[in-house]
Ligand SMILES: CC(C)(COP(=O)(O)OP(=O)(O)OC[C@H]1O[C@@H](n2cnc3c(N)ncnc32)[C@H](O)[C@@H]1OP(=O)(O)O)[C@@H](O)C(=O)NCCC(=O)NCCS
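For reference, the chain that follows is the form predicted on its own, supplied as structure tokens.
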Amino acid sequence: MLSMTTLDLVTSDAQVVGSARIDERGKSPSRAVLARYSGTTPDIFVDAVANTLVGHRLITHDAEVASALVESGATVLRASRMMVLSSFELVQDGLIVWKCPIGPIQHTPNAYAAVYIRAYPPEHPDHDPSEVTVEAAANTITTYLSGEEVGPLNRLASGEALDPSGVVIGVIIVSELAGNDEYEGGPWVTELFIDPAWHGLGVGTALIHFAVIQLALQNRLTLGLAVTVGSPAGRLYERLGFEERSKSWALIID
């Protein structure tokens, strides 16, 4: 689980205008979730942020703060939509019909890493240049499976798709996310990645169906996720019934 500490954001005249919850796990750049206090203008709040959090990965759900940060010179690392499927009508659509095996995750992070790298090429909005080697990608996937990065793994709802020869072509990782101001907590799609050679053939839909059915068997009736603005995956989630709850921005002040 995440280890966070709260820091007051203070102006040059000692006025507290907001707070930041700082991720204490020592990752770089460290993550700071921003909260602006009522009555504080975005410009004043951003000045306090700039005085304290240069070099942090800034997370905000406040569109005015995001805009003010950009105007002050901050770089947008990611803009995402938080979406939730709150009724599992998919379970009633009938059994999944799929020509390749789909079942619980059983392979090692190394077996998933090559698919992960191919799923996020340089032109993809979620491409991370620090994850272009099998070792780096496997390390990231390990943090998801161990629960270190997002929350405890829901192993029953996390699944993999295989081609007819048994090679992994897609993976869905479902975590148990702690509740916050934007999401009540519970099952969360930490990752869904598909080998590009299998795009458009229903692999993503089948993996979501698998997760939903497994969650329904656990009497879990919501599933949340975040998708990058502009990602083609957003259309898949909308088609499957996910509804947008909010937007968030990740930025950094150099």
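Heads up: residue numbers just count along the shown sequence, starting at 1. Values in this document were obtained by computation on a predicted structure and should not be read as measured data.
The same protein also exists as the form predicted in complex with the ligand; that form is not shown, yet it is the one meant from here on.
The partner is not drawn, yet in the predicted complex one stretch among 222 to 230, 32 to 40, 45 to 53, 64 to 72 has residues with heavy atoms inside 4.5 Å of the ligand: 222 to 230. Contact between G200 and the ligand in the predicted complex is found at the 4.5 Å heavy atom cutoff. Contact check for L192: a non-hydrogen atom falls within 4.5 Å of the ligand in the predicted complex. Although the partner is absent here, Y237 is a contact residue: one of its heavy atoms lies within 4.5 angstroms of the ligand in the predicted complex.
H107 falls outside the set of residues with a heavy atom inside 4.5 Å of the ligand in the predicted complex. Along 149 to 179, no residue reaches a heavy atom to within 4.5 Å of the ligand in the predicted complex.
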